[in-house]
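Listed next as structure tokens is one chain, alone, in the form predicted alone.
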Amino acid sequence: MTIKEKPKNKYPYYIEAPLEYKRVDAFLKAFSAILEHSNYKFILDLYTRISMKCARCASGCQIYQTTGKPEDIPCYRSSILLRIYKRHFTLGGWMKSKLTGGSGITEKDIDEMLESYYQCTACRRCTFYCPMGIEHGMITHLGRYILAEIGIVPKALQVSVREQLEGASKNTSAIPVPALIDTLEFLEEEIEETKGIKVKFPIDVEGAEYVFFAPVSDYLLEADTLMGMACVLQTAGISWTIGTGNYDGINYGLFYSDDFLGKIVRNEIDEVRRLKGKKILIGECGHASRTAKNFVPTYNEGSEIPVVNLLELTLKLLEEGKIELDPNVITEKVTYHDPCNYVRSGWIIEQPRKIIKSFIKNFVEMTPNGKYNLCCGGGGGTVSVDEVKDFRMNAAGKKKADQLRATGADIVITPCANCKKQIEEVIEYFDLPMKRMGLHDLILKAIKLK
């Protein structure tokens, strides 16, 4: 049967390309092209030889723990794509289908992947519970990538990336350069009024040690985070700059497309080269940090560009005595949320805690914490998809709300743009008696300026 019209999509928050072909044929064609031009085949060959029926990953998945639905078990979600791969792209699967008449991918499979892969927050916590170490988050990403290649992707992600790569502003929040400059001038005035010292946000400085990339939404929503960061860097005498050619650290390609991920990373590299900078400095953002840290070495074709997260640098400056924080300013009870993109690889876990303990007397940990901490509930880009807000709140978000409430904290430190949005909504939705802040928001209050 030939489909002459675009198939009806029951998930209205997705865009489908107006192409006159079967989604099944398109999916297989896109899958084949990705396998040909990437390294996914090796890991898929390995995973198809491993049994994924123990479901131990379910004990680490906060979505399954809330919904109790078998289709929310990570290994079940992964098995959809692995079954399709084995049937259509391995010799054994092809021969078995010829002998037994086994069916291949169906339209039902497309619908199931469409729903399942965007209900997963891709937090990768389940990997710690898998006895074989299967990276279910990677399989979720691959499934999204293939769907995106045939024109099926959440509108919010697609629109943001299109503005970042093709729009006039070249950033996901469509903030033009004049508005950026006005914002930075306002923040400079605000610091001078509140702290009594003039602190600069350097712009387009050539040869600086660090070229800074924040999640661009911070320039609209996180003034205290940015002011705290600027105070740290100026007080310590750090050479840094914000580039007007590219000032957005957000990389939504991580959530659905390797192609876009690579293009956005290359744009970061190009901006560092343009300004003759030496290092990339990423602000308080988990996925922006992870994409730069993991993929700048992959796409960089010139001299090495080290990637540093602001939390790492702030701790280094604190330990070297280049900044001083007043331990008597913050009196509230404080807890700390570990963003998944910081901690699952073991990268940024102890650094923020050392900073916190240096000037906050009443600090309490969540349980669990560190690399086992629960996802905020909006990971994998789902926080940007407003149409799934009720699911975000009542699935993974509910588990996070329970964890936050149990700390009895007045403030939850949330050093990630996506986590800040999600946890803000969780606090409001579940009426939690606390507020969320960035770590540098509190540093702004406690830093002793020179």
Partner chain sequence: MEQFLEFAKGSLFAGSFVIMVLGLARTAFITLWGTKNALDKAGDKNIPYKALIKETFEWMIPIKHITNSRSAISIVSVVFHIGLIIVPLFLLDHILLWQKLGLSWPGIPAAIANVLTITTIVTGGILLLNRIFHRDTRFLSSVIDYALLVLILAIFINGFIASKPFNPIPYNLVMVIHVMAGNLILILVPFSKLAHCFLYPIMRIASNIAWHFPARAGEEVNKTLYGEENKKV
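Residue numbers count along the first chain shown, from 1. The shown structure was predicted, so the numbers you read here are calculated from the model rather than taken from an experiment.
Missing here is the form predicted together with the partner chain; even so, the following discussion is about that form.
(message) Can you tell me which of 402 to 410, 386 to 394, 55 to 63, 415 to 423 lies within 4.5 Å of the partner chain in the model of the complex, counting heavy atoms only?
(response) Going by heavy atoms within 4.5 Å, the stretch is 55 to 63.
(request) Identify which of Phe89, Phe363, Phe295, Tyr210 has a heavy atom within 4.5 Å of the partner chain in the model of the complex; exactly one of them does. (result) None of the others qualify; the residue that does is Phe295.
(request) Let me know the one among Ile152, Cys75, Leu310, Ile84 whose heavy atoms come within 4.5 Å of the partner chain in the model of the complex, would you? (result) It is Cys75.
(message) Counting only non-hydrogen atoms and a 4.5 Å threshold, tell me whether Ala33, Met132 and Asp259 all contact the partner chain in the model of the complex.
(response) Judged in the model of the complex, Ala33, Met132 and Asp259 all sit within 4.5 Å of the partner chain.
(request) Using the partner position in the model of the complex, report whether Met113 sits within 4.5 Å of the partner chain, counting heavy atoms only. (result) Flag for Met113 set to no.
(message) Is Tyr299 part of the interface with the partner chain in the model of the complex - any heavy atom within 4.5 Å?
(response) Judged by the heavy-atom cut-off of 4.5 Å, Tyr299 is in contact with the partner chain in the model of the complex.
(message) Residue-level contact is defined here as any heavy atom of the residue lying within 4.5 Å of the partner chain in the model of the complex; does Val161 satisfy this criterion?
(response) Residue-level check for Val161: yes, a contact with the partner chain.
(message) Taking the partner chain as it sits in the model of the complex, is Gly137 in contact with it (heavy atom to heavy atom, 4.5 Å or less)?
(response) Judged by the heavy-atom cut-off of 4.5 Å, Gly137 is in contact with the partner chain in the model of the complex.
(message) At 4.5 Å, heavy atom to heavy atom, what parts of 368 to 382 sit next to the partner chain in the model of the complex? List them in sequence order, or say none.
(response) Counting only heavy atoms within 4.5 Å of the partner chain in the model of the complex, the single contacting residue of 368 to 382 is Tyr372.
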